[in-house]
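Starting off, we have a lone chain in the form predicted on its own, written out as structure tokens.
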Amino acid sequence: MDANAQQNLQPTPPFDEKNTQTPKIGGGLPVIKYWAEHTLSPEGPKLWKTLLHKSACLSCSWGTGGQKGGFTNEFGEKLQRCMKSVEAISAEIKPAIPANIFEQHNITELQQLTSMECDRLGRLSFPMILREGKSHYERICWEEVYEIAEAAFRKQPERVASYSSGRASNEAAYVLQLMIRALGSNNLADCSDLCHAPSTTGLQQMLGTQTSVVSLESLKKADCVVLTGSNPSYNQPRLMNELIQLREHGGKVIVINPMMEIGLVKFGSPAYPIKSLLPGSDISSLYLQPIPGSDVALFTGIQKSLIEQGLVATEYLQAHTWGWEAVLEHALSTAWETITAICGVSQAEIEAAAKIIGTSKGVVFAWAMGITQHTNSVDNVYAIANTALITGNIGRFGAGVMPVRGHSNVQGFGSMGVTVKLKQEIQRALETLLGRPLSRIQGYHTRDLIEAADAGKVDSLICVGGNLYGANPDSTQAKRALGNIETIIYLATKPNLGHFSGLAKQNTIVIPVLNRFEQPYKITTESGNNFIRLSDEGQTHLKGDLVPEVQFLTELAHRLHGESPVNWRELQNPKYVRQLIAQTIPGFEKMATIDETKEEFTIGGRILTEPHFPTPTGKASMFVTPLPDTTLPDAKDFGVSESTQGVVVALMTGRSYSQHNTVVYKIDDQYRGIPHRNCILMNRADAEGAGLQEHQRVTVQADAGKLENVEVIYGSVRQGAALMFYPEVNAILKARTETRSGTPAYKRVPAFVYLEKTKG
């Protein structure tokens, strides 16, 4: 295919057909405006003090900071902060919530708050409790907190559990898992169970590793990135700088996403104020919009085209992989008509993608929740990694597979052992440390935890960060399940939806903790590319009664375990926690001396620059991936009358531009032209084909309920698909769970969009 023909495959973005005020590039001047407004506001000095503090970014796993300074990445590049970071800091430097807020407003009133309204209440600054039968949160003294917590966690080990997010440090994560495992429980649910668990599951089985095999330095040497089911222009803007540099050096970016996002077509980065900020930089070389959930078919097509174009690295496959013959035979024997019918992408587009991949010197395959939140998500990961292996793009510099993590330090929690799939070498090391075998009872991942609680099998739960209620599908079930738990303890810096709707049966306790840049000790975090950052000591602006997570966890552990098998109170200084990490977590040996050397480091054994894999055979395993069924149910399957005016769509959940996980900073999304949260983004042809119009109010019904008065917005989503905002849309979807990883299928939920009949 010649260059002109390939260029014609790049569709023109159907953005902003009527509203000329919507930006034509992602990033750009709106980012500068946001920075300027916050810099000139009363919080400006405090904001900049925090930005310049030597601590890891609070936002995504691509954030910067650490010992190189607040704006510097591990490669030494400057101006590497983004608006997401400023949003997160701005929320954390808010004043303390006045105590009378909880005196004046009962729990029913607090449950009416939106995510944004919860966040804007301010910082938590004193411990509080909602007791059984009471209508208001009330202040509680620390001694009673510990008495209740100790009693709660002396229950039978299989009836106690934890849930966590990446908000806290590696040290807090390590203490949490050590305390829970010392009790005899493996119930260490984590927010990663809801997002990248298919990545860790699939990559472990194929490559013997669970994380990105690409360092930042290696990424910079690639000349092609295949970005699938990920929108870093919204969620990891730092990564956009790498894509801009790659394009400037003549590289190619293939974007695969049912949504055509402005920022993935053209992005204006403040890091390059002259060449990028105003004009915007081209990002996508080729943009494919498959049917949601059809990624296995699309990558099978790419593999088929690679074979047909003679672009398979056969010698590499023979020397370094198992199972490659069956994978190639599966791709070659699958008819093009079948592939294109399932994925909705033309053969010509697939062939163009294959040619770019097969002729590039080094390809990095990156993905996020658009790949992992499906009922066949592990197969999606297999299909991507199969494609990388077929072209010899794993195990060398400038190539590899790279899951794009969301939350800062979410990967660090897994590394520290906060997982229900503990690596055998870590298990053996922890058993040596504790002086006894760990429990062999399978622990609850996040969805199993909710199901177990719903069945009355959980008595006590501690949540270190996160929003367990808000992050789960089927909000009705989540609320009911958490309401069956006797005691829930939340460690948090700010209130969220879960503190008001995820209430325990007897005692709901909220503990105010310090954030990352307020800790009185040095702490560490891990980036999505396996880099360990060291944060300096800090101080809080609050005058309340806050504690570091490590202090609370170690004091509770001391009361539960005494001084055996470790001196828990000594671990209140994370310096000593780091000694245990160095002893028990492979690849973290340098943690033992980081306090003296201040040497931040890349975790050993994870970046693959040679095709020798950490598997028993030293080879990578490849798996045949079954083609998915992407047909949608009929309208009648939703229990509505045949005369109801509407359309069935594959509903995807997504975040707005100003949102971090379940925390919402602004209700609108200027890039998608969405004015508020209760909207559904639809393809014009789908809407008008069903007799619907833009800005019309409709009902959206999925498998767990319906939302009413939803505004229709036309957007650049492919035909047959639609998008609504998470976490609000969770209320109406069950999101079936992928069985191998436990991750819910948020990105393809059949839904019926229709007009309610007026009563005459």
Ligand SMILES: Nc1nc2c(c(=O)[nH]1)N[C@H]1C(S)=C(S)[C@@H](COP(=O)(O)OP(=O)(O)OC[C@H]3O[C@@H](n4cnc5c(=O)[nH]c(N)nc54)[C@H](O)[C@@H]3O)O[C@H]1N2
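Residue positions are given as counts along the sequence shown, with the first one as 1. Every value quoted in this text rests on a predicted model; they were computed, and no experiment measured them.
Keep in mind the form predicted in complex with the ligand is missing from the figure; the text below concerns it.
- Proximity of Cys195, Gln659 and Thr662 to the ligand in the model of the complex is complete: all three residues have a non-hydrogen atom within 4.5 angstroms.
- Although the partner is absent here, Gly358 is not a contact residue: none of its heavy atoms lies within 4.5 angstroms of the ligand in the model of the complex.
- Of the heavy atoms in Ala352, none are within 4.5 Å of the ligand in the model of the complex.
- Put simply, Tyr746 is close to the ligand in the model of the complex: some heavy atom of it is within 4.5 Å.
- Contact check for Gly673: every heavy atom lies farther than 4.5 Å from the ligand in the model of the complex.
- The single contact residue among Met652, Ile180, Val550, Ala504, judged by any heavy atom lying within 4.5 Å of the ligand in the model of the complex, is Met652.
- With the partner omitted from this view, the residue of Gly466, Gly400, Gly301, Gly412 that lies near the ligand in the model of the complex is Gly466 [heavy atom within 4.5 Å].
- Just one listed stretch, out of 511 to 519, 578 to 586, 447 to 455, 612 to 620, contacts the ligand in the model of the complex at the 4.5 Å heavy atom level, and that stretch is 511 to 519.
- Contacts with the ligand in the model of the complex, taken as any heavy atom within 4.5 Å, map within 361 to 377 to Ala368, Met369, Gly370, Gln373, His374.
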